[in-house]
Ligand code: HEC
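Let's start with one chain on its own, the form predicted alone, as structure tokens.
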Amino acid sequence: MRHLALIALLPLLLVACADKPESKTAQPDVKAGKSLAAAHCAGCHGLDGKGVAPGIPHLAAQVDEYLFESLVAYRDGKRTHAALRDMTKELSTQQMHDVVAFYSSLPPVERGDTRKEITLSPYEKGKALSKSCARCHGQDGNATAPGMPSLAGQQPRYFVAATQAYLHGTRNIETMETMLRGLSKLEMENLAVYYASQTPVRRGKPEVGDPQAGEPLTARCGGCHGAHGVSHDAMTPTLAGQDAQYLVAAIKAYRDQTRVHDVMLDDNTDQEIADIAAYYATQESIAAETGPMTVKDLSAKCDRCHAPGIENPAMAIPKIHGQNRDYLIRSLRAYRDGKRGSSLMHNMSLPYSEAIIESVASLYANQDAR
């Protein structure tokens, strides 16, 4: 259910599932629609249906039912855009159908640069960024130096939260802050995707503690960190297979309140902490993600609904090939954050969703409109 569960949501991200369109009082009048578009829409969308600036969608050749439902949603306040809400309130239902008929009758917008750009997935971007981490954490996130944590297979939300903690000073390691200072939040999310997909390698025999003595002491830990230290919560770190010295240092930091967490252990002795760390270090771990999240994966899932020629009488599905990239990003964020309603939409809850949104938007914006 890991990243595939997330990707399975993507085909629904741009699907509009509103009430049935309001009935037309007459057949749409394309000529009248052009006049209305010139008066109300061309300033942003042009008379050729091409958005005049980043973040403004192309309307040319778009599915007419989708365009109409969008106008109704702006008019009724189900989508938020002050200018569009004011404009749609000035138009009758028939006039909205006329405008829609005009824009949907136009040929698709052609990209000025016909060269195909290479769109990298979050996994591929994270892999490239990981080269700067390899000296300490290993080529694939499996560290070998005592006291150095492994990143391979780690839960992605936890990874992003930990990197932010170093930047904000709530975790104080100067080298980490220096390494991370030049990275954007999006780049950290890409790293999280990459490392979450790597296979963890079990460390050698721990030099501290007694694993057998540590096992019963982990009873309280299992409620959050999972059986044997394998977490299934993206915000909670996996402890299985982690370096014992690193775990000792981390648990002591929580106990001694140099790291703050309201549910972490606070009453164990040094020996008990060493035993807990030894137990988790000997446990077998698994990757948080099932494998690389590639552009091919993303597009295959999205195309289940958005591929050219697919029609569904129960819902209006917009065309997204060749659409404005910034607009796609804004739309995906709006659905994720609950600012656009749809009975089939799902919030993307993982913290690296921005990385996925950016990749999906780039992927489709760099394709020819169809």
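All values derive from a computational prediction rather than experimental measurement. Quick note: we count residues from 1 along the sequence shown, nothing fancier. The term rigid core refers to the most C-alpha atoms you can superpose between the two forms while keeping them within 1.5 Å.
A second form of this protein, the form predicted together with ligand HEC, is not displayed here; the remarks below concern that form.
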* Are all three of 109, 282 and 365 close to ligand HEC in the model of the complex, meaning a heavy atom of each within 4.5 Å? -> no
* Structure fact -> Of 162, 101, 230, 274, the only residue with a heavy atom within 4.5 Å of ligand HEC in the model of the complex is 162
* **Answer option from 128, 179, 295, 186, heavy atom within 4.5 Å of ligand HEC in the model of the complex** => 179
* Exercise: residue 205 in contact with ligand HEC in the model of the complex, heavy atom 4.5 Å -> no
* Asked: Hey, in the model of the complex, does residue 175 get a heavy atom within 4.5 angstroms of ligand HEC?
  -> yes
* To do: Would you please decide whether residue 259 lies within 4.5 angstroms of ligand HEC in the model of the complex, comparing each non-hydrogen atom pair?
  => yes
* Partner proximity in the model of the complex: residue 241 to ligand HEC, non-hydrogen atom cutoff 4.5 Å -> no
* Since the partner is left out here, which residues of 280-313 would have a heavy atom within 4.5 Å of ligand HEC in the model of the complex? -> 280, 301, 302, 305, 306
* For residue 203, is the CA shift between this form and the one not shown at least 2 Å following rigid-core superposition? -> yes
